[in-house]
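Single chain ahead, written as structure tokens, the form predicted on its own.
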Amino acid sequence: MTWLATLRRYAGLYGALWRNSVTRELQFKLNFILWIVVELLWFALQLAFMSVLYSHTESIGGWSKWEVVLLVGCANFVQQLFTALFLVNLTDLSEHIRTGRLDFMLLLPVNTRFLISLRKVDLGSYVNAAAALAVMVWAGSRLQLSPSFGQFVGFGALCLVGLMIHYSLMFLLSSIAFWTVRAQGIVWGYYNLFNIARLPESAFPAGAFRVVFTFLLPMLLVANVPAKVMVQKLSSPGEWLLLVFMGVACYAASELFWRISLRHYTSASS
């Protein structure tokens, strides 16, 4: 089977999973709407918090108010795309292991990681991602930005790299469930660290904190670097090269740990 045929096969499979998710979401319309409202309120609170901060200062780490608003929008955009595509699926992994559903998935003629990662879709998070984009456009208009086509392409590509970093790290943490009864606490703990991505990297003093959240858990890169592309704050290509390198490294680490975990797994019936 050629790579094109494989791609077409998996695209068809993902389309079927998407349709199943839409059907499931439409069965619980009120829950769907309420979740969107809750997420939008949380987003509005983040923006309000930044407004309070900037009522006492004009700059944080060299970032003006509207530059930080654009950064918050970028961070929320990446987070909501991650939630839409992966969050529910990765939090379900420990249940698949505990209940034995993983045994069935391993027998299917499809890549198991693909099925685990993309089995469900959170449609409401796409609405929230659109709201984050709208906030970025609003902030850009206040900053009187006129991004070039290259900036738009670079921004989109770097957001995808940031998305891959979040996915890879949370997939790695979810795989800890092979050794523990449940891993949801660890997974949700990582999810809460997303809040760090909404702050300018330069606002943190140099030291252990910045090293950890740049090289071990690169939260300070996933939104800062794409936002810097839009507000023209990238002083050198080193930052986006570091983001891409961390994306590749995180995915490779998650794949290695996944394979080690599968070798450790002895099925739910053992």
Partner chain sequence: MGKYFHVFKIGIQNTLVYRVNFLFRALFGLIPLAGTLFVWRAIFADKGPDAQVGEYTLRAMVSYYLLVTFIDALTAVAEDDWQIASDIKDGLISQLLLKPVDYLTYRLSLYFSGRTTYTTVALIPVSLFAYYLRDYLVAPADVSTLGLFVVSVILAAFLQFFIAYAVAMLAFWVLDISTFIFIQFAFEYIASGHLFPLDILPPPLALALKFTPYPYLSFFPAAIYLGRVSGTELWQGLALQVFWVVACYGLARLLWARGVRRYSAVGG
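Numbering follows the first chain given and starts at 1. Treat the numbers as computed from the prediction; the structure is a model and nothing was measured.
There is another form of this protein, the form predicted in complex with the partner chain, and it is not shown here; the text below is about that form.
Contact residue in the predicted bound form, chosen from Val137, Leu193, Val110, Ala130 - any heavy atom within 4.5 Å of the partner chain = Selected residue: Leu193.
Sort through Ala48, Leu241, Leu26, Val211 and report the residue having a heavy atom within 4.5 Å of the partner chain in the predicted bound form.
-> Filtering the options by heavy-atom distance leaves Ala48.
Taking Tyr251, Ala253 and Leu256 together, does each of them reach the partner chain in the predicted bound form with some heavy atom inside 4.5 Å?
-> No.
Determine whether any heavy atom of Gly189 comes within 4.5 Å of a heavy atom of the partner chain in the predicted bound form, and answer yes or no.
-> Contact check for Gly189: yes, within 4.5 Å of the partner chain in the predicted bound form.
In the predicted bound form, Pro237 touching the partner chain (heavy atom, 4.5 Å) = Pro237: no contact with the partner chain in the predicted bound form.
Taking heavy atoms only, is Cys159 within 4.5 angstroms of the partner chain in the predicted bound form?
-> Judged by the heavy-atom cut-off of 4.5 Å, Cys159 is well away from the partner chain in the predicted bound form.
Closest heavy atom of Leu199 to the partner chain in the predicted bound form, within 4.5 Å or not?
-> Result yes; Leu199 sits at the interface with the partner chain in the predicted bound form.
Residues within 4.5 Å of the partner chain in the predicted bound form, restricted to 74-112 and counted by heavy atom = Heavy-atom contacts to the partner chain in the predicted bound form: nothing from 74-112.
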